[in-house]
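Listed next as structure tokens: two forms of one protein chain, kept apart as structure 1 and structure 2.
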Structure 1
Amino acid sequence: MASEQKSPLTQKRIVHAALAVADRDGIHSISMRTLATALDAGTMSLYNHIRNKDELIDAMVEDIAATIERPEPGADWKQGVRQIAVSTRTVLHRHPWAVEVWSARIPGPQRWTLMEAILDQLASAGLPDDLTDLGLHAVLNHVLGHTRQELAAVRSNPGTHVQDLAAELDAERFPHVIDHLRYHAEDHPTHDSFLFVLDLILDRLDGMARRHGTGTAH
């Protein structure tokens, strides 16, 4: 019986294997030796397709950036930016390791394209250059910061219940904090602080665009 033929080793296969390892074990678990084992290949053969670990991580970030949704041409600018932001958050939750390296890596074509898409949406609102720049940073900082906080909350003390935290606090010193924790212990399906703050940013930018006499441009 003939032995099963291996799939040829390619950069795409290496990157996808690295994504699977990082999603399961974290970015620090990535090594050429680990990937070689996962791909049933020789370690040195990987270097024919990926020069080093830095290039590999850049390729991994680019790969997931390519899955982020872009708005259709002619979309309302607020809905367009909102779509990109929400999709970025979803993708980063799918690949939790990425939020820690996203800002530390020089963007590649996919991330430049993503940034161009956001800037294009903001520019279509008629915002001047300074507000377009501030709007870009406000949106990206919110997406990355909020997602990082969400993922950190999942990793730290996952078994601790917010009601237990509230019970440990002094009711006289922290009455509002206790109410806040108890609120989170309840079921609020429409409560999404990510979308709340994102829409505050977009509404504020919309108001600035109106004051510059552009209205709600598309």
Structure 2
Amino acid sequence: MASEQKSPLTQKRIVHAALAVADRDGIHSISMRTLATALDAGTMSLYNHIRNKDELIDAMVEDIAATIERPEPGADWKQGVRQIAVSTRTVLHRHPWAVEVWSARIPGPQRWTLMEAILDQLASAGLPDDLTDLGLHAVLNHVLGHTRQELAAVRSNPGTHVQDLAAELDAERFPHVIDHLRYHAEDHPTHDSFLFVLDLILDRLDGMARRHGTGTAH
């Protein structure tokens, strides 16, 4: 009657279980004990497949980084970078906990590959070294920073609603803020500040690349 073979623990099984928990309840509700219980295993068994909790989280981040879309080779560089940027944002929205740890640790292969892809696109634009550097940081910081901010705004305190905040504020000191919060409470078809800034950056880089390429600077 050995019909109840438990499928053996693997790094992949652990990471996937952790992803499921984090997507549902946030990264902070992962503890080695609860995770092991969810996997129907002893707490310390996990350590046969994972060095420690930090590396588990690294592995989780790498796992979702692998799902970010890359442009096919030969694509227009601006479209290519834009695709990576938008896809990164989409993926991070799907895993809201991830952006909090994304930049806190050294990248793994998947994230290096992503960075390589962006640099590759920028290089094909013909930007000089210093502007490639500028462009990479502008794009990366925008994507991760902006996404983090919008996620924090949504999720910062689960129970509270925007209109409750407005009600607690002193109308004399914060008239504009109250207007702004009310504006958000009604849901206007709002401009997307993520794409707004992203395209500002890309268009400007494009302009600088053309100026540099034709040698007619200034």
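Numbers follow structure 1, counted from its first residue as 1. Throughout, rigid core stands for the largest set of C-alpha atoms superposing within 1.5 Å between the two forms. Everything numeric here is computed off the predicted structure, so don't read it as measured data.
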Displayed copy of the chain that is the form predicted in complex with a further copy of the same chain: 2
Rigid core superposed: Asp40 CA moves 2 Å or more between structures 1 and 2: no
To one decimal place, what C-alpha displacement in Å is found for Ala166 between structures 1 and 2 with the rigid core superposed? 7.8
